[in-house]
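Shown next as structure tokens: one chain only, the form predicted on its own.
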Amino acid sequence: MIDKRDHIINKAIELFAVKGFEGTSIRDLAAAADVNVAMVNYYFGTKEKLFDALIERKAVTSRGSLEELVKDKTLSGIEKIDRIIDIYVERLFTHRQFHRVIQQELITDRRETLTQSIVQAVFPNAIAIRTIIETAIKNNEFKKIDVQLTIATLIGTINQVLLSQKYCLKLLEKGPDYIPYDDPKFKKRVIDHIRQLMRDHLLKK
């Protein structure tokens, strides 16, 4: 049975995804979770600390998968990159509304402590990807490339597709009724494109 703290976090994820950080109040969160305001304050103290908790939960889920990839001796470097692309596309597409809230906080930087919390929570994931790429370079599988900007290219390409549905529709020459993120064919297209991009960029000829 899910405990109250986790239940509140789950409801907060849903609310922040729809209303954003600014548009969501503690009262909204309490009502959605069917608890009183005092209970939300007991577990988290402030809305910012609740946001911190759910960011950390999201990051930890990805981190576990990435750390397993780092340790896996059976996969090549490019196979690990393929898995990373699968993980990011699947999770970001599935939770795209909430992901947009996170990106909005990072872009606007209106709340310094919140921005720092997001960066601190997700940065270990970038470290895991860096380790995979650097190991493959050392093993002579990958070319010597700019590792940091390669990570930015990989994740940034997915972010660009997700951040504005209107821009994405314009780019794809689709009508307003088309939701690309719910289309398995489009998801596969994104995965295949980034995989090919990374292969051309990373692998030695």
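Throughout, rigid core stands for the largest set of C-alpha atoms superposing within 1.5 Å between the two forms. We number the residues from 1 along the sequence you see. Predicted, not measured: the structure shown is a model, and the values here were computed from it.
Not on display, but discussed next: the form predicted in complex with a further copy of the same chain.
Novice: Just to be sure I understand the contacts: of Leu29, Val161, Leu50, Leu66, which is the one whose heavy atoms reach within 4.5 angstroms of a further copy of the same chain in the predicted complex?
Specialist: Contact residue from the list: Val161.
Novice: Just to be sure I understand the contacts: of Ile151, Ile137, Ala59, Val35, which is the one whose heavy atoms reach within 4.5 angstroms of a further copy of the same chain in the predicted complex?
Specialist: Contact with a further copy of the same chain in the predicted complex is made by Ile151 alone.
Novice: For a quick test of understanding: in the predicted complex, does each of His7, Ile87 and Ile179 have a heavy atom within 4.5 Å of a further copy of the same chain?
Specialist: No: none of His7, Ile87 and Ile179 comes within 4.5 Å of a further copy of the same chain in the predicted complex.
Novice: Indicate whether Ile13 is a 4.5 Å heavy atom neighbour of a further copy of the same chain in the predicted complex.
Specialist: Contact with a further copy of the same chain, no.
Novice: Is Thr94 close enough to a further copy of the same chain in the predicted complex to count, meaning some heavy atom within 4.5 Å?
Specialist: Although a further copy of the same chain is absent here, Thr94 would stay clear of it in the predicted complex, with no heavy atoms inside 4.5 Å.
Novice: Decide whether Asn41 counts as a contact residue for a further copy of the same chain in the predicted complex under a heavy atom distance cut-off of 4.5 Å.
Specialist: So Asn41 does not count as contacting a further copy of the same chain.
Novice: Flag Ile78 as yes or no: does it have a non-hydrogen atom within 4.5 angstroms of any non-hydrogen atom of a further copy of the same chain in the predicted complex?
Specialist: Answer no; every heavy atom of Ile78 is more than 4.5 Å from a further copy of the same chain in the predicted complex.
Novice: Which residues, if any, of 121-135 lie within 4.5 Å of a further copy of the same chain in the predicted complex when only heavy atoms count?
Specialist: Sequence-ordered list: Val122, Phe123, Ala126, Arg130.
Novice: Comparing between this form and the one not shown on the rigid core: C-alpha of Leu197 shifted by 2 Å or more?
Specialist: Result for Leu197: no, shift under 2 Å.
Novice: Can we say the CA of Glu48 moves by at least 2 Å between this form and the one not shown when the core is superposed?
Specialist: Yes.
Novice: Checking Phe21 here: with the core superposed, does its CA move 2 Å or more between this form and the one not shown?
Specialist: The answer is yes; the displacement is at least 2 Å.
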